[in-house]
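Single chain ahead, by itself, as structure tokens, in the form predicted on its own.
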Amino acid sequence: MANSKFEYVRNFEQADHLLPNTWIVVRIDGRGFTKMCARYGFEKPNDRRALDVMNAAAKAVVTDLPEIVIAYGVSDEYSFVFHKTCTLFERRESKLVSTIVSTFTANYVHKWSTYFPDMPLASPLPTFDGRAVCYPTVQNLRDYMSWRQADCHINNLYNTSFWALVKLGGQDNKEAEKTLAGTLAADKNEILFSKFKINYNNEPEIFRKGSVVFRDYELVEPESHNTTTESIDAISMPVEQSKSQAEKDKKRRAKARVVVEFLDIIKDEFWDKRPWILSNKPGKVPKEV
């Protein structure tokens, strides 16, 4: 392509490469979803249809991008994790974030009618924003994921209690806020059970734990491999692979079944039984699918 006198504008472009050998988390959030919830009459404190369309869009993103090792979602947010060996788009932040946001938004709008058949979308259409953060170690990454799931539990317990007071207890919003002010988790559980006979532990796990999206392989017994943080950091380090082997692994990941589960990702068990998530090495296809 011939140069022109206008090409100097390329000098204004700034490098936005993310740190090498780090886990990349692209987190997206719905824009103006409080108004959207009101516009489409989402159920309080949780609308299963709204969560299902979020999960369907996230599943499509993980399926489309084999470089993503796991994703976690709650409410109108989702976090997508790229392995530290990821070189997609040369680890350019703008391209990674824009790809996740645009792919997620497109699938969200496309799949909306499946879960809301009687509520066609109208302008303004739902949109999402995103950001990328790099985490150097497995412990950092797991602490981030634990933070999001702990936040899910805290917010859901509050919202469940709040809307029980409003819907079942006859309080208005300000009265419910005053009732819950300064309460601990045990207090909220007591309010739910003593006043409304609601056992919070019996609430659907999707509400209490959020949604985890990953490629499903055969579970591994923790005793069969080293599960210490140091060993996991070691196996997640970039390993030189031939081009053919790298392509083979990529195809295996692309063919793996992507699942949406509602599991505890704070405890070690989830990670110990699924070492392929952190190692980025495809596991064995489950015997029963």
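Because the structure is predicted, anything quoted here is derived from the model rather than measured. Residue numbers here begin at 1 and follow the sequence given.
We do not show the form predicted together with another copy of the chain, though everything after this point is about it.
Note that among 162-170, 69-77, 213-221, 135-143, the stretch whose heavy atoms approach another copy of the chain to within 4.5 Å in the predicted bound form is 135-143. In the predicted bound form, another copy of the chain sits within 4.5 Å of a heavy atom belonging to residue 129. In the predicted bound form, another copy of the chain sits within 4.5 Å of a heavy atom of residue 153. At the 4.5 Å threshold, heavy atoms of residue 97 reach another copy of the chain in the predicted bound form. Under a 4.5 angstroms non-hydrogen atom cutoff, another copy of the chain in the predicted bound form lacks residue 206 among its neighbouring residues. Applying a 4.5 Å heavy atom cutoff to another copy of the chain in the predicted bound form picks out 84, 89, 93, 94, 95, 97, 98, 99, 101, 102, 103, 105, 106, 107 from 68-107, in order along the sequence.
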